[in-house]
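Only one chain is given next, in structure tokens, and it is the form predicted on its own.
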């Protein structure tokens, strides 16, 4: 039996879903793969829970019931204040699971946390796009020097194995990657088409259902999709700076635009595109024929096409979602454990 100690840094929706899934599946995974995953620390925005021997399944489930930013109240293992260095000095995790919110200005606190983990000898699994978008080369250079893994499949189409397949296409010359990469805006556009809502009504519905954030700026202004294109560009070895990606705001789509498109047999979609031959990328509002495959991808689904010199592949699946992303993060943790621990 392999024993692996992990620290979960960031305990929002994804962090809670991940810890819950692990608590429910840990015994099954241990039996199936011979890997015992111990959560030795959990950190949120205001406090920490540190237990070097590892939280048991019941403790993990109870921790998920604690109010947001309230784990400092979780009994004798908990304390107020955040100090990730203390996590490493007291609990020495083998794998660092970085689930803090994305900050596209500085990449913090994710970037500092990841670099601390690598310098402390821990492998990294992350669903936070911002550190990779802004500091990919620095992170990977540090990982190479220390012979450590950095896994981030949950950052793009978190509910599908999209990045895994893309990274495996090593003999291919990837020419173009394009598609619907943001679930929130796709849901809004679907509501505008199917129920003839204007943009604000569709946004409010998405927020009420928890599909859109209270502040939806990253989604509706194209930052999220642009960040995913940036990560894709690094994976295929043709990096593009996020600041060079042309973005259109989905907020300018009106109900009249939708009705005009419908009359012409078209559908309005928010298409992210990376042309790896011309080295240009964009997130744009496009009118596409109703028979186009992208026109059939509705609600919170994502769809992406990979075109290489040898083939075309198409992926349809959940772009995110708490449970879907949590399973992808756990898959990455298991891959690191199986490959790197003896």
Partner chain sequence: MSERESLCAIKVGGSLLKDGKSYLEAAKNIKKFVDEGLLPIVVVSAAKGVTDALLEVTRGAAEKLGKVFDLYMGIATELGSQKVYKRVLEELELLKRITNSVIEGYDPVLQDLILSFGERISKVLMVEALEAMGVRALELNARELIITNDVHGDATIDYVTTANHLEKLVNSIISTAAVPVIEGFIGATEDGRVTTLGRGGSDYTATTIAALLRLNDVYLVTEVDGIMTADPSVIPTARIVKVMSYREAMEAALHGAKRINPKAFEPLEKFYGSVVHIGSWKLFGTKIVQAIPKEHRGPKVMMHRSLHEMPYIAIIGEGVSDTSFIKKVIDILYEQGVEIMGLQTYYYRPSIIMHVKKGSEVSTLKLLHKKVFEEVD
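As the structure is a prediction and not an experimental result, all values here were calculated from the model. Numbering follows the first chain given and starts at 1.
Below: the form predicted in complex with the partner chain, not depicted.
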query: One residue of 238, 204, 90, 172 in contact with the partner chain, assessed in the model of the complex (non-hydrogen atom, 4.5 angstroms); finding: 204
query: In the model of the complex, the residue from 141, 73, 167, 255 that sits within 4.5 Å of the partner chain by heavy atoms; finding: 73
query: Interface segment, criterion being heavy atoms within 4.5 Å of the partner chain in the model of the complex, picked from 32-40, 270-278, 283-291, 50-58; finding: 50-58
query: Close approach of residue 62 to the partner chain in the model of the complex, 4.5 Å, heavy atom; finding: yes
query: Close approach of residue 209 to the partner chain in the model of the complex, 4.5 Å, heavy atom; finding: yes
query: 4.5 angstroms heavy atom contact with the partner chain in the model of the complex for residue 68; finding: yes
query: Contact of residue 27 with the partner chain in the model of the complex (heavy atom, 4.5 Å); finding: yes
query: Non-hydrogen atom within 4.5 angstroms of the partner chain in the model of the complex for each of 119, 123 and 338; finding: no
query: Heavy atom within 4.5 Å of the partner chain in the model of the complex - qualifying residues of 319-340; finding: 323
